[in-house]
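Listed next as structure tokens is one chain, alone, in the form predicted on its own.
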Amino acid sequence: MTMAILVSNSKGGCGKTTLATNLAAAFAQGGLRTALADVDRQKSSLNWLKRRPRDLPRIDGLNWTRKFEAPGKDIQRLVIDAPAAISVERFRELLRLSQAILLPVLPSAFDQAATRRFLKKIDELKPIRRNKKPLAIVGNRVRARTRSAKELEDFLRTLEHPVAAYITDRSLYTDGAYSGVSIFDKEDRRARAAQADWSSLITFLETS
């Protein structure tokens, strides 16, 4: 059975594609048949897959910019990269296909305000309101012991959803966006430190 994870936020530039691509790679490296569906017209996730070296674990790409294409029956994990400025109706369509939702948020006043507005809209949807489809927040591009990190933590405590992880701001993610290589495709010390940020996120998804 396929487990589908929707990565979404109405705010652009909050790291949805970085979260989606690295999450897909984590599943693939774990031995799970994985697909990555790109709903954004910019096709950033699909372009990342084109740059991905062929000797790395395979991730199937699905172009969902116009219509939804069912993943293969052997796909065990499906990661859905939603577009920015997504409408509630479009989100509702993707929600029907998903078992869990991840919402990345940057340590930014603009992102936090946009996230609160977005949550106010989607929290009214029955699957989320009744917690039939768990939604978790991911603090993204966080720099430890900074004022912005503290303000992000304070903001996330005001929300009614759990925080699955805080992802540290690292150059590895920028490098990986160009190369198609995720942090989970590397085994050096820097990569292992980055991977540690994701352990609670993976646990949340696998136990939801």
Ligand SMILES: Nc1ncnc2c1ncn2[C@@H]1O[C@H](COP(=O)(O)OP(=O)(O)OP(=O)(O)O)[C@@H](O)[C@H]1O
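The numbering used is simple: start at 1 and walk along the sequence shown. A quick note: this is a predicted structure, and the numbers were derived from the prediction, not measured.
There is also a form predicted together with this ligand; it is not shown, and the following applies to it.
Taking the partner as it appears in the predicted bound form, which of 66 to 74, 156 to 164, 138 to 146, 53 to 61 has residues with heavy atoms within 4.5 Å of this ligand?
-> Comparing against this ligand in the predicted bound form, the contact stretch is 138 to 146.
Just to confirm, residue 84 within 4.5 Å of this ligand in the predicted bound form by heavy atoms?
-> Yes, contact at 4.5 Å.
Consider residue 14 of the chain shown here, and say whether it contacts this ligand in the predicted bound form, taking contact as heavy atoms within 4.5 Å.
-> So residue 14 counts as contacting this ligand.
Verify the contact flag for residue 47: yes if a non-hydrogen atom of it lies within 4.5 Å of a non-hydrogen atom of this ligand in the predicted bound form, no if not.
-> No - in the predicted bound form, heavy atoms of residue 47 and this ligand never come within 4.5 Å of each other.
Quick one: does residue 33 come within 4.5 Å of this ligand in the predicted bound form, counting heavy atoms only?
-> Although this ligand is absent here, residue 33 would stay clear of it in the predicted bound form, with no heavy atoms inside 4.5 Å.
Determine the residues of 153 to 180 with a heavy atom within 4.5 Å of this ligand in the predicted bound form and present them in sequence order; the list may be empty.
-> 167, 168, 169, 170, 173, 174, 177, in sequence order.
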